[in-house]
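Just one chain is shown here, as structure tokens, and it is the form predicted on its own.
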Amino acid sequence: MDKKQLQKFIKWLQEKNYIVIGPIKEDGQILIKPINEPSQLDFSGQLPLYSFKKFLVPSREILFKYKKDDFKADLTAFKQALIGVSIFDLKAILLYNQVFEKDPYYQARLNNTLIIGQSQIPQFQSLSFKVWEDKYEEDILEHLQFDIFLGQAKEKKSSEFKIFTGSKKGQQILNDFTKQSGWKSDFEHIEYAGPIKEQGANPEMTKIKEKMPGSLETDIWQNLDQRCIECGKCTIVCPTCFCFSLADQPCLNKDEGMRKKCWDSCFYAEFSEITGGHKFLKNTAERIYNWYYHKFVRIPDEYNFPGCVGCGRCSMVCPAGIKIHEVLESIKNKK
């Protein structure tokens, strides 16, 4: 499939009532937004500041409305195609699929979503934001969950995509497109083999995981306590931060109201507060330690892969200049 055929494919999806969402360039920034014209799709390989998170885990949603004893949960979800999802953001979706496995709202959205990944690794990986060593090789596809994947040839001048499918949904979509467009189908199916590679867990993750417990009293967190201003920007741009708050909102009409869900951040002082004013996370050092502990110990303990995909977005937006790879180096070097 070349780029012209890809644009025809996007147009065809739109005709099938999919809202196609992908990276586009606006005012010098790469943003993830609905695509009006297929030519808007940006495949330069630059990392969008925001991930695809909000299209699967909305920043705000109404869970249900009630009127006396009548509860109505809205599980409807529109058809959307997320196109150009990088390896980083596919790893984040892999985590969502584990965490929200029994969440009917997430599952309803996922069932109506076509996930189309792409192979380019953002160039900043070689600079100061690098967290994990990562590269695209075809053997990693069997450890990611997607419907269709666009593998670009290593020769930069080539405009051809090697097409892979990762689900029956992806196969069916491409078969239908083939029949209706005359495109000569040429794609390979990848069977999902679970999130962990054959050689086992990420050794860098294992090293950090072993060093984290018991490190709260070290200078690492006390130094960060003096720098972090708890703005929460890192948690907003992080593709794997999914903390949320719940709020019941009664209506003025008697016995009516709704329950809302909203993104939250464990960096905020109120996040761990319970009735009576007690806070489990009492200061900045404890809150930032909790953030790292969650990503590099708690999630690995539960799923055996890290809660950080290595995109470096948190470092890019931090107004205090805190860089995650430097913190991780300090943890690994802790005696």
Partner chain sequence: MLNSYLPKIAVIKNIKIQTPEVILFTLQLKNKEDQKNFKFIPGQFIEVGLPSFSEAPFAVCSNPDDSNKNFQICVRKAGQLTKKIHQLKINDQLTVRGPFGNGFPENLTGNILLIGGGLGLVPLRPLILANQNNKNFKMQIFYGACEAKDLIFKDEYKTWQKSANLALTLDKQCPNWKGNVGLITTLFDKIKVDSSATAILCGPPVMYKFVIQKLKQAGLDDANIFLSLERRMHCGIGVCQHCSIGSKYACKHGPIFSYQELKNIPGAI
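Positions refer to the first chain, counted from 1. Computed from a prediction, not measured in an experiment: that's the story for all the values here.
Quick note: we don't show the form predicted in complex with the partner chain, though the next part is all about it.
Stretch-level contact check against the partner chain in the predicted complex with heavy atoms at 4.5 Å: of 306-314, 48-56, 35-43, 271-279, the positive one is 271-279.
This chain is displayed alone, yet in the predicted complex one of A77, A193, I236, A73 has a heavy atom within 4.5 Å of the partner chain; that residue is A73. Though the partner chain is absent from this view, in the predicted complex it lies within 4.5 Å of a heavy atom of just one residue from C231, V99, A201, L110, which is V99. Each of R259, Y293 and R298 is positioned with at least one heavy atom within 4.5 Å of the partner chain in the predicted complex. Contact annotation for F161: none of its heavy atoms lies within 4.5 Å of the partner chain in the predicted complex. In the predicted complex, F244 approaches the partner chain with a heavy atom inside 4.5 Å. Among heavy atoms of D225, none comes within 4.5 Å of the partner chain in the predicted complex. Residue contact with the partner chain in the predicted complex: G182 places no heavy atom within 4.5 Å of it.
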